[in-house]
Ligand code: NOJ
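Take a look at this one chain, the form predicted on its own, written out in structure tokens.
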């Protein structure tokens, strides 16, 4: 396990929307380099950058045409190598986005695989052995190649699935996961990883990490075996490199070798009930919405078994948002976001902040761009200041990658830096608090002290710290039982010293009361 992950707070950068330095309306690598001091001053000491590789951009770069070449619109390989170096000088690790399950239909491997004559790449992708035979239960394309067969898709039409085999095979064209052609695919993936690690990359966020072996069993054992093999390579040759999975099943992902797994916004899961429970009849009942009348138990019932079952294997990663998820500002105001980020930044695991969430950028209702569809409104350019295009670009606004928030009160870094109580400055305080107290870091202990169905506040302990959160708009109290005062070394605390708070609270005897929209952290002292 890379030791640096324990104190890591990640900042996700969607490169085409972060900072444009060459006036083409699209963000670039030099723009990221220019803003590294901002990332550092925010308190984030790690980056996850969405795909930077050469691509036709039919799916915003998740359709890779060349894994070892930076897309010209972002710069050059040399620019990316310089980014690694400049980030490291500032104490910032960098993860690249790895897409292992598919490539672009324009990738040279696939162009060779489409040919009628057999070659090195014929079996790099999943093909049937006849144009007439489709692929039951999976999307596929036929009639677009010289070879006699249909090929499987991994997602969009532009993304043919790489061949890692089928665990449960029902047709003679399906390879076993340990077939030579599937091993060759795995080794090609490792070669890509080595290439970037050798040039200074610190690891990878892995897209659709569970999508490799088809017809896998319910435990994804065959896909897991691939990642275990890759983890062996990393442990041996790159022990400080990290891999973080888009899997949202830590029992599978962490036991398959990943260091961390994203807790994603899947409808009805614990994360979803915290701040995006707005797709059920009867209104939005998110726990972190002040008038949602939410229920912390809906979160804990889902989360606790995952945490308890994997805390010795790796980390669960909470996200403020990501490029696939509606921004939280869609339903939450600034004060609600302060409380939300307080929770996410004080729970176990490795947290990720999506660019712009630290200032509460809005979700915009805009047309799709590069396959974004409903996700596009979350991918708009960063709002730095009140100059032209909010400081994102000096280009004409008509050629910007995406439009920006047109409202007069569009949040900007410049405005919020001047306001001590702004969401930006509260976010900085929360990140600093996490760095200050090792008990708040990824591997610190976690115990529920007070959590009742449809009740507030939620009280929990991280080592020698006692934390309470009341996201509702009403005052709420909790009785602190003896369990709240038992320290990890089994001593009993006799004193609670507040070390950080948002809003107002009162602690009298064994009763803790928080006003609406409040959060407090106490140090427990023997």
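Predicted, not measured: the structure shown is a model, and the values here were computed from it. Positions refer to the first chain, counted from 1.
Another form exists, predicted together with this ligand; not displayed. Remarks below refer to it.
Enquirer: With heavy atoms only and a cut-off of 4.5 Å, decide whether residue 62 touches this ligand in the model of the complex.
Expert: So residue 62 counts as contacting this ligand.
Enquirer: Any of the heavy atoms of residue 208 lying within 4.5 Å of this ligand in the model of the complex?
Expert: Yes.
Enquirer: Is there a heavy atom of residue 324 no more than 4.5 Å from a heavy atom of this ligand in the model of the complex?
Expert: Looking in the model of the complex, residue contacts with this ligand include residue 324, since a heavy atom lies within 4.5 Å.
Enquirer: Report whether the minimum heavy atom distance between residue 105 and this ligand in the model of the complex is within 4.5 Å.
Expert: Flag for residue 105 set to no.
Enquirer: From the list 190, 311, 73, 375, which entry has a heavy atom within 4.5 Å of this ligand in the model of the complex?
Expert: That would be 375.
Enquirer: Heavy atom within 4.5 Å of this ligand in the model of the complex: which of 384, 437, 155, 446?
Expert: The option sitting close enough to the partner is 155.
Enquirer: Among the candidate stretches 352 to 360, 267 to 275, 137 to 145, 199 to 207, which one is within 4.5 Å of this ligand in the model of the complex when only heavy atoms are counted?
Expert: In short, 199 to 207.
Enquirer: At 4.5 Å by heavy atoms, is each residue in 329, 417 and 518 next to this ligand in the model of the complex?
Expert: The answer is no; none of 329, 417 and 518 reaches this ligand.
Enquirer: Under the 4.5 Å heavy atom criterion, name the residues of 378 to 402 that approach this ligand in the model of the complex, in sequence order.
Expert: Residue within 4.5 Å: 379, and no other.
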